[in-house]
Structures are given as C-alpha cells and as structure tokens.
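The chain that follows stands alone, in the form predicted on its own, written as structure tokens.
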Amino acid sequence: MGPINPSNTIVSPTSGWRRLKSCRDQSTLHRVLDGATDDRKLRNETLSCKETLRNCAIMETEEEASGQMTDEIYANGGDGEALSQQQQQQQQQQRRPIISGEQLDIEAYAALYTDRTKISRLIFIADKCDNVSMQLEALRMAYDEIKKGENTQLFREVVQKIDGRLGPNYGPDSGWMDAVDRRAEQRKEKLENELNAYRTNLIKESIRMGYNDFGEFYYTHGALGDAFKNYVRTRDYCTTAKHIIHMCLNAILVSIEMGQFAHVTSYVSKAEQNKNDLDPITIAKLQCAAGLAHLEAKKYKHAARKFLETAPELGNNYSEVIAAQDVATYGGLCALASFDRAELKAKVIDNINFRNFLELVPEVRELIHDFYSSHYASCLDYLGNLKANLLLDIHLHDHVEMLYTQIRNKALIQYTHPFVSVDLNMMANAFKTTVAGLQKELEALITDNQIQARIDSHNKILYARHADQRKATFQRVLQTGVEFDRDVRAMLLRANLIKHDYNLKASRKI
C-alpha cells in the first residue's frame, strides 16, 4: 500500500482532524510508515504527518475558543438565532437559577422582626398593597401582635383599618383596652413616685434607671415623643461609657420609629466616640442605623458603605429595627446604583462578611453577579421580579424607582463604553426593550453628558464621540502654565514685602 499524502486527506480543519484521528485509530499511519522502504522518505512522511496533526489540533482549539466567544457575545445581547436551542437552555439554566417573582409570604416576612417595627411593617404592607387578601392577612397579624402588648392607640388604628372585614373576633375590644389603660395609669403613678424618691436621694444611677423605665413605658404605649425625651434625659446621669452607649441605642430606636433620621445620625456619632467599649454586635447595630439614615437622605453611596461594613455578628440581634436580609437588599441595591465596577468587585463581590448576608437573599446575589458580568438582561429580570416586594418595604419604598433608574442608567453606560459604535437593535435585545424606548433613554443620558456619543436615528447606530487627546493635553499644559505664573508672581510679591520689612501688624485692643 502506497503512502498517504496528508494534503489530499484534509478537506476542512474539522473534517481533516476527524479523518486523521480515524487513520490513527485504525493504525493506517503505522502501515504507511511500514510500507516505506527509503529512510529519508520515511522521515519526511513522519514529519509531514506529525505537522498535519499538530496544525489540525490548533485549528480545532481555535474553533472551540471562537465558539465560546460567540456564545458569550450572543449571551450579552447579540443575535441569538445563531445559537441552538439546547445551548440557549443550558445558558439559561446556568445563569438563572433563582428568579423569585412570587407573592410576598407575609407570615415568613413578619417572623424576621419583633416589637413595634413588626407591627409598623405589617400596617405599611396593608396600606400599600393592592391585593385585598394580603391586606387582610397583614391586618390580622398586626391585630394579634398588638394584643400581645399595651399600645391601645395603635390598636384603635388597626381596628379602624379592618373595618369589620375579618369578623367579630377582630373588632374593637373595649374590655381589653380599658384593662390596659388602667394598668398603664397604675404603672405610670408608681414610676413617678419612684423617680421622685430617687431625685430626693440624689442617687445618679437610680435616677438614670428611673428615666430609662419611663422611656420604656412610653415606648410600649406608643408615646414615642415622650419616650425619646426620657431616654435623652438619662445622659446627664450616665456614669460609664456603656451607659452612654445604651442611651444612644434607645434614642436611635425611637428616632427610627418616628422617622427622625437626623437624630439617628447624631446619636450614632455619639455612640461611636466610645470605640473601646463597643462590642461587635453593637458596632453592627450602629452601622445599620447609620445606613438607614443615609438611605433616607438619598445618600446611596454612603448607605451602601455602611451596610457593607456591617459584621455578620448582627444576625437577628437587631430584629426590632432591621433583619439580616434587609442588610443584603439595601446594601446590594445601593451599591449597584452608586459604585463603579472596581468598587463593586472589591467591596461587594469579594467582601467575605457581606457574602454571608447575600446568601440569605439569593436573588440579590445573582443580580449583582449578572450586573458585574454584563448579563444585563438577566440582571434586569431579577430587578423586575423583586420590585413588587421591595415596594412593600417600609424603608425602601420611596427609593425603589430612583435606585432602579440609576442601576439601569449605569448598565446602559457600561454597555456602550467599550465600543466605537453600537447597533441599537442588538442593544435593545440585550436590555429587552424597544429600539424607540432605548433611543429615548440614550438621548437623556447624552443630554446629561453621561454618555459621550451621537445617535444615527436612521440606521439605528450609536457612535461614540471620543475626546481629542491632543487638544486636551495642550489645554492641560496651558492651564498648568497659568497656575505656575500665578504662583511665581505671588512668591515674588511676598519675598519683596519681607525684603522691605513691610509687615502689617494687627492693633491689639485694650
């Protein structure tokens, strides 16, 4: 059998590689070598076959890499028609493990909180939710929770909201309210007598405890203003740093309930002045309180930093204000809206402490990773599914629209940044929107000078408008020269004043 010419074997890179592999498996190559009688011919044929095998292997590797790159481009918003259905299903399974758009489980949600904030959140859900069954469920749970305490004022509000829709068992209970009010009057009289006795004896610790008891009494009965005043009065009688920290935490708790976040910031700063006496749990509580204050002030970057700095020791130790799941949600959304890619990677994705919080809310974790990986369609899907439940959050409700707008704008800016030109049809496909809607969004960003580009509305192409580096360099040089000239003139003037001893001395008033 004569030698096989490798050049006649290869038809295409992939088919040639298959044929050569088939030849190798069937020992055809060895038969070719055995049939050669001339040593020089044998060496030439061996080298030729080895080189052909190596070239085909390189071609196959390049094809695989090209295929992977193509898949990645299409996954980021390219034309998905070139991908097979099987590949698309595999990608969707890998990138969308958890999209939860189901209705909020009110019972599980309420179980994360305790005390007054649990009732406040349930009432907030009842006020903001359009689903009647969810409204009644929230009001029923709020009714039951209030009956465990002594806040008759809040009880009357909930009964009024129920308006008899839950039957006779959830109506106005006059007997319970009268009994609670009688006990409250007796308790208040007893506390006043004790406090007067402590004042007479001038015992600072007892006076502090008396005001603290009064604060707890008013807080339990819903008189938040009086509770705040009594908690603050304990400061004059604090003898240790721990007493001051305890006073600050009480003032912060009541201020959050009243919505007075300026007080929250003030008392967080006062508590942080005693760093040596702060334990990890207290530090985490202060970080959360500061984060809520910044969130309310729409300072999303500062809020994100505070939530990201919260230690995992927080756990459920601050359930009277915030849950660990809230830390992940608030911190993650604020970070997406305000951080650049480098900060998002360093302070969120690579943050080991914050990762513990993100594990509690997989949806937020996945949307952060999708945003960083430029899988914007998947990221926006997560945001869309979370929106309904986030609008029922007592602290995040007023900020959802603004945060979502900032996150979407950042996604649009990051998508267009690396390219000289972008096809708006492909971009609209990536963001799951219409070309007309996308064009309006881009026009707003261009007008606001957030994207340096121009839109070809006829061909639907976005062209980047890069700055003239040469011109910018000359402008910087000229500006540096002007500043240098000004500084030199000022130095010469001062030197001449000193040389001629021209000093203006201020006249001293007697």
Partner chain sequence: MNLNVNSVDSLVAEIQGLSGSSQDVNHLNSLLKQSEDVIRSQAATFASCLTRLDPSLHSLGYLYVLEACTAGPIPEAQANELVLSVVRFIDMCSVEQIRLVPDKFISVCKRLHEQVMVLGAPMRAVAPLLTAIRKIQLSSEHLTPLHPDFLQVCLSAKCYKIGYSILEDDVLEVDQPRDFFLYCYYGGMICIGQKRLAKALELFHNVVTAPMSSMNAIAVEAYKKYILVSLIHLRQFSASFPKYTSSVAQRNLKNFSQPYIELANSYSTGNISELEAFVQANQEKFENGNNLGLVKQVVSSMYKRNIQRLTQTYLTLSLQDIANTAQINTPKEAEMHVLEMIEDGEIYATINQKDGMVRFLEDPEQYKTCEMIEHIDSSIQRIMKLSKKLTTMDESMSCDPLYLSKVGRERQRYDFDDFDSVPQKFNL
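Residue numbers count along the first chain shown, from 1. Here the structure is a predicted model, which is why all the values come from computation and not from measurement. Heads up, when I say rigid core I mean the largest set of C-alphas that superpose within 1.5 Å between the two forms.
There is another form of this protein, the form predicted in complex with its partner chain, and it is not shown here; the text below is about that form.
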Test of understanding: in the model of the complex, would residue 255 fall inside 4.5 Å of its partner chain by heavy atoms? no
Contact flag, residue 457 vs its partner chain in the model of the complex, heavy atom cut 4.5 Å: yes
Residue-level contact is defined here as any heavy atom of the residue lying within 4.5 Å of its partner chain in the model of the complex; does residue 439 satisfy this criterion? yes
Pick out the residues of 478 to 496 whose heavy atoms come within 4.5 Å of its partner chain in the model of the complex. 478, 481, 484, 485, 486, 488, 489, 490, 491, 492, 493, 494, 495, 496
Did residue 485 shift 2 Å or more between this form and the one not shown, C-alpha, core superposed: yes
I want to check residue 475: does it shift between this form and the one not shown by 2 Å or more at the Cα, with the core superposed? yes
